[in-house]
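To begin, one chain is listed below as structure tokens, in the form predicted on its own.
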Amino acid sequence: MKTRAIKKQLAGLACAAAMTLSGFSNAEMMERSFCVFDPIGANGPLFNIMKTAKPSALGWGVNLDLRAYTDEKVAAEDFKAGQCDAVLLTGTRAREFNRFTGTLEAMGAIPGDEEMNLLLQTLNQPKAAALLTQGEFEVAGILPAGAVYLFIRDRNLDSVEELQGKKIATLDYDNAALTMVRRVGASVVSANSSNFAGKFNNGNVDVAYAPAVAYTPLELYKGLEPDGGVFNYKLAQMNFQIIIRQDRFPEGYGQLSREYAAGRYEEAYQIIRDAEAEIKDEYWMRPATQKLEGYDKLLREVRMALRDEGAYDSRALTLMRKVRCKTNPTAGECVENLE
């Protein structure tokens, strides 16, 4: 208790110091609410990372009142209702506030960390700001959350073809996932970010999909016992996005916040590496190499179909193709230019 009290005092002193250095008086300081989705709540890693932004925000003239949400849908609804001035959501949930950045989680669009870094560096440049604003909303930071994998209760299902007829916990607000599950002939079992893990661990579904950072906090290892596995193919790259209501913040706040978020990337990648290392080696299922090209082709077809339906932003898909072609210039898609 004593240690906790000392930490609290130090945090208070840091905030006071930030206010002093900022030159803003209490009267000039904007009081703004920041609703943070973290499945673990106020003790979760996301909430803690967002707390560290508070002193920097004070320096920009904003005193953030952070509120933890374990239900992402409620956080998004409260933001829409004006009960939060800013919100932290997954990229897919954030799509309704910015279709461009909401497309960054498109399936198969970002193969790895190198491509993700290139993409984020591009979007953090001031000249990209127009892409990050949609109506009254602005994306004030994107944090990588790692690759999304299939978690399978029966490791005998070792190919996409064998998913036919199986039950997959599917985020019911994600058109892309619904399309993909139906494309492979599996059955959609409606789920959300708060209950998909329970459905998987209790055996109500055969398959779920999630990044490694969800493995330990949501106890997905329970659903892997005794015969399950994690299919080692990167379906997508998950991210978290800070969305602000632009007119509630000082001019230039969004760019400052994005640059602050960029300074936390290495910390985010370390969390991802640690989380992937927590998955026991015997759980990883290695897909046959000759199958990978077919999986890539399937995901590309789904991306283009969703683009044509208006779910994905064509500019974002083009940018991500260019990023892929920068790291793999001999790929056939670099000549075809279909995205």
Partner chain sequence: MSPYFLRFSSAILHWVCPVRRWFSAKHAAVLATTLALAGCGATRNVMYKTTGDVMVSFAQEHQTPFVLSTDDVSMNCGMSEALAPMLMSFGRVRDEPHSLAVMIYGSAGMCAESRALNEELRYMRAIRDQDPAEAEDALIAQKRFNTLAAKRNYEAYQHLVAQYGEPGGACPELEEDYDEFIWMMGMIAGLQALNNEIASGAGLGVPKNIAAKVERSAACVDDDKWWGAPMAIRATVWSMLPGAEPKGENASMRLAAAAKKGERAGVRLAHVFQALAAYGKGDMDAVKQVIRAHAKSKANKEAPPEARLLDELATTMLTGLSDRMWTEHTGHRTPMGALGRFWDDKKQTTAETVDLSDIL
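Positions refer to the first chain, counted from 1. Just so it is clear, the structure is predicted and the values come from calculations on it, not from any experiment.
Another form exists, predicted in complex with the partner chain; not displayed. Remarks below refer to it.
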Check your understanding: Heavy atom to heavy atom, is R273 within 4.5 Å of the partner chain in the predicted complex?
Key -> no
**Study point:** Heavy atom of M285 within 4.5 Å of the partner chain in the predicted complex
**Key:** no
Check your understanding: With the partner left out of view, is V207 within 4.5 angstroms of the partner chain in the predicted complex by any non-hydrogen atom?
Key -> no
Check your understanding: Does any heavy atom of Q290 come within 4.5 Å of a heavy atom of the partner chain in the predicted complex?
Key -> no
Study note, to complete from the structure: None of S193, T90, Q134, T170 but one has a heavy atom within 4.5 Å of the partner chain in the predicted complex; the exception is S193
Revision key, fill the gap. The one residue among E77, D113, E267, D154 placing a heavy atom within 4.5 Å of the partner chain in the predicted complex is E267
**Study point:** the partner chain in the predicted complex reached by all of S33, C35 and D247, non-hydrogen atom within 4.5 Å
**Key:** no
**Study point:** Segment that reaches the partner chain in the predicted complex - one of 177-185, 121-129, 134-142, 221-229, heavy atoms within 4.5 Å
**Key:** 221-229
Study note, to complete from the structure: Across 36-52, the residues having a non-hydrogen atom within 4.5 Å of the partner chain in the predicted complex turn out to be P39, I40, G41, A42, N43, G44, P45, N48, K51, T52
